[in-house]
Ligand SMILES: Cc1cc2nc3c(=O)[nH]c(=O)nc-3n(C[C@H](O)[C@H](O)[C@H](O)COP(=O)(O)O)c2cc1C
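Shown below, as structure tokens, is a lone chain in the form predicted on its own; questions about how it binds or moves come after it.
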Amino acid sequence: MECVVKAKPFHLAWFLQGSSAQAWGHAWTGHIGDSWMQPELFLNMARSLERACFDYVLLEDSSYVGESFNGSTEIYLKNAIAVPRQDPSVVAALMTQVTSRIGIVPTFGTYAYHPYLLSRLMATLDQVSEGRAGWNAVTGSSDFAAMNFGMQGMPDHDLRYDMADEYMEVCKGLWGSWEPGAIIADRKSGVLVDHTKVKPVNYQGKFYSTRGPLNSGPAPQGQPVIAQAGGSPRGRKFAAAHADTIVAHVKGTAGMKAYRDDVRKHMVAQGRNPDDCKVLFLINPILGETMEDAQERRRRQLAHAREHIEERMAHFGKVTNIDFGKFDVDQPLPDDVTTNGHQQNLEQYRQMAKGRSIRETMAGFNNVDLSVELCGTPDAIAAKMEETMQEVGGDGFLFSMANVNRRTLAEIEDGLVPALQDRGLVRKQYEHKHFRDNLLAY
């Protein structure tokens, strides 16, 4: 009798490219140029992904207009590259009100918020969502963003993480300033809060200080779910210390497994159970009714990327703080170019370049396939996702699709997810009420 090994279920989430005009210049985006101010697309997305039982939606963000290409904002504004972009706290709050189970995870930079303000904001989001709020904790990477908040520029890369470690300590202290059972709500005695269970924090650190306690009251989850994208060695150490879920962009199953194993090793060193943090890998599945249809879609996506090299350089320059406009694109990127921005992105670029020109590298340095190539029918992609997770070991996938529209959402909700559910790879209903509990369900 043949022994059939049952596949381990995995988690699904969506990495949304900011609360902004989505997929400008791509097909099927309709009237996005006129309608982006009203977040109906994002509310539809939240409803759709909740029906598909996704764990969460992460709202990526940046707080400046890019000008890292030719020292100008022109290419960013003309092509809607991460601009205009609305404050994610507002959009996230609206998304919580049209859903009841899916986690909502806005991005906030530690450089832009005092820890007391951030702690209060996130506790409030957790309250109004009844325990479904998460925070994508970022340290920032752009000097332009820093200048918008009165700074001369960003601190050095590793120092930002040293500051963020202390920042997290402050936030956790503030979230813990309300003990369980502090709210009595006893109408007979007239007592709402037991004052003995609400404590000041009185934190005085190297970088931050606060008195506390929070005046917003307790968060239903104790503290919001923490998401992080630790790519560099220092970033991985930070993520291992604090994150409940990690955004990972690593090429190929071998690299994915090595990344996950490394983060889990860091978690053990921090005294944490590595199963308490879910590593989700970025993917961009390209679906078709037939394999031929899917391959044609992929060909068009790759052609679009090759035809818009300057836009791709501008976007890559925005996250690495490198002005690719000042280099000869038909020559390799000089070896002495470094970044105080996203170091992993530059490292991936150099690994792929191997002496090739910037133009050649950018043409091949595609974000079409992301961590692993997924192209085909829903069932074929489901099979590939299952195979990948078995090789990597877990914990799931984070969808990051350039062409976000209602058609894309329908293909995932009604095409791919049922194929995954038929294989027993993802949930058919939520196990719990709170976001963190659903993350830890398996």
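Remember, it's a predicted structure, so these values are computed and weren't measured experimentally. For every residue, the number given is its place in the sequence shown, counted from 1.
Same protein, other form: the form predicted together with this ligand, not shown, and the subject of what follows.
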property	result
In the model of the complex, segment of 199 to 207, 76 to 84, 93 to 101, 334 to 342 with a heavy atom within 4.5 Å of this ligand	334 to 342
The unique member of 285, 213, 288, 231 whose heavy atoms fall within 4.5 Å of this ligand in the model of the complex	231
The single option of 223, 320, 136, 371 touching this ligand in the model of the complex, heavy atom within 4.5 Å	136
Interface membership of residue 107, this ligand in the model of the complex, 4.5 Å heavy atom rule	yes
Partner contact for residue 157 in the model of the complex: this ligand, 4.5 angstroms, heavy atom	yes
Non-hydrogen atom contact residue 116 with this ligand in the model of the complex at 4.5 angstroms	no
4.5 Å heavy atom contact, residue 60 and this ligand in the model of the complex	yes
Full three-residue contact with this ligand in the model of the complex, heavy atom 4.5 Å, for 161, 235 and 247	yes
